[in-house]
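Listed next as structure tokens is one chain, alone, in the form predicted alone.
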């Protein structure tokens, strides 16, 4: 388990997080929902240690260390494009303290959940499609021994086939870890999330278990006063 306790963060006069407190449970996929600019990425960055909060703390249990937390940001900047798929996977595992043998064992453990990974290991990352790059970024976190994986816009750029692959991969990898998502893909998160948290005005204002897509969109529109269409 991991707890954020009274986290606050401001940028100049703009306070984006106001006393966020929450327990993230192992075995759960928790999704934070809010419009762009609401502080989702800021919170993930604080948990990962990329940002320092103005106040508050992040507590790790079960002898966790900050290095046990891994973040995958949105976009394509999570990979070394001139390296092969396998070189990327080995690099990200080794810099997190794993031995090469451990990395290769974890690739074998999870590769059936990402069908293209076997034949693509010798391919340069820059030669992959955008969706494959996105899945590889997430896979590079999953094959580490990180106990908490946070993913910003997990399904960004994925077609239906790859989104379904990612759902299965996340569910499998969440069995013994904390998984935290920040996403605007309501259909995706409604199917994969165990907990859904709405972030508004710098606070967690509402929490739900699994919600069907129509109810999730309805509640989002009510909370943020936006029209998501049909």
Partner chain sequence: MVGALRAFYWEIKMSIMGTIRYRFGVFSDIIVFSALLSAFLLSDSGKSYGSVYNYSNYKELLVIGYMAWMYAVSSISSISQIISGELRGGTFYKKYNSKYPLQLLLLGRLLASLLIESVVMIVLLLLAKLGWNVEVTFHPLIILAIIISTIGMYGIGMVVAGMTIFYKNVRSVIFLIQMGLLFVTDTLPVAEGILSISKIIPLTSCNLIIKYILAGQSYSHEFVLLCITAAGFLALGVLCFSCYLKKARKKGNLLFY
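What you see is a predicted model; the values in this text were computed from it and never measured. Numbering follows the first chain given and starts at 1.
In what follows, reference is made to the form predicted together with the partner chain, a form of this protein that is not presented.
Using a 4.5 angstroms heavy atom cutoff to the partner chain in the predicted complex, none of 112, 169 and 193 count as contacting. Taking 69, 189, 182, 178 one by one, only a single residue has any non-hydrogen atom within 4.5 Å of the partner chain in the predicted complex, and it is 69. With the partner omitted here, the residue from 51, 165, 58, 174 that has a non-hydrogen atom within 4.5 angstroms of the partner chain in the predicted complex is 51. Interface membership of residue 127, defined by any non-hydrogen atom within 4.5 Å of the partner chain in the predicted complex, is ruled out. For residue 90, a non-hydrogen atom is located within 4.5 Å of the partner chain in the predicted complex, even though that partner is not displayed. In the predicted complex, none of the heavy atoms of residue 155 sits within 4.5 Å of a heavy atom of the partner chain. The partner chain in the predicted complex comes within 4.5 Å of a heavy atom belonging to residue 79. In plain terms, the part of the chain that comes close to the partner chain in the predicted complex, with a heavy atom within 4.5 Å, is 41 to 49 out of 201 to 209, 41 to 49, 27 to 35, 157 to 165.
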